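Form predicted alone, single chain, as C-alpha cells, below.
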C-alpha cells in the first residue's frame, strides 16, 4: 500500500477470523513499528506477543475477575473520566458501533456481551502487550513514545492486510496478564493491541469514526493568508 492508503484506509478492527498469524509476519510488523521516533532515542518500549493457550487463559482470567467484581488493576495511570466534547466523541463512536451491531439502548445483555468482547481481546488470534521499562516510570516522554510506536504498529499491520485495535480492557486485570504472558518485573504494562485477519462480515469493522477537521484542530501562526 501507499502511505496515504494506509492512513486513510485503516480502521479499528473488533471482529477477527480465527486463522493464525505467522510469527515472521508479526516480527516484520514490529520491526517496522520500531522505526518510530523516541525521545533522545531512548526506545522505552517492549512487546509481549501472545497467542494460543496463554491468550485463552488471559481471556478467561480477565472475564472471570471482571464478572466477579474484582477492581481493575491497570498499571499505567488512567487519569480522569472524559467530559465535555471528549465525552461526546466517546459516546458518539459507541453509538456508531452499537448501531452497526444492532445493539439497542435498553438491551443490557447485548451491551454486556460487547463489553466482555473487549476483555477477551475481541477474540483476536494474537494480542500484543506494549510495556515500557520501569526505570522510566513517571517520565513524560515515555508514554508519548509508546503511543508513537503503537500507532506505527497498527499502521504497519494494516499495510500487510492485518487488522488491529488498541485497547485497555485486555490489561485491566494486570495480575492475569503478568502471570500468563510472563511479563518481567522490570516492565510496566501500558496498552494492549488485538491483532489478526479482519472478518469483513463483522458489522462493526465497517465503522469509520468521525474525525475533527484540520481547521478545528490546527492554529497556523506566521503564515500569509
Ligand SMILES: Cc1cc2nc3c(=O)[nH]c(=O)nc-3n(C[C@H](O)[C@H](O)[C@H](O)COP(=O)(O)O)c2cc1C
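Small disclaimer: the values here were computed from a predicted structure and weren't measured. Numbering follows the first chain given and starts at 1.
Although not depicted, the form predicted in complex with the named molecule is the subject of the following passage.
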If we test each of 174, 63, 46, 168 for a heavy atom within 4.5 Å of the named molecule in the predicted complex, the one that passes is 168
Please name which of the stretches 174-182, 159-167, 34-42, 65-73 has residues with heavy atoms lying within 4.5 Å of the named molecule in the predicted complex.
-> 159-167
Contact flag, residue 10 vs the named molecule in the predicted complex, heavy atom cut 4.5 Å | yes
Determine whether any heavy atom of residue 132 comes within 4.5 Å of a heavy atom of the named molecule in the predicted complex, and answer yes or no.
-> no
Residue 110: touches the named molecule in the predicted complex, heavy atom cutoff 4.5 angstroms = no
Going by a heavy atom distance of 4.5 Å, is residue 209 a contact of the named molecule in the predicted complex?
-> yes
Counting only heavy atoms, which residues in 121-137 are within 4.5 Å of the named molecule in the predicted complex?
-> 122
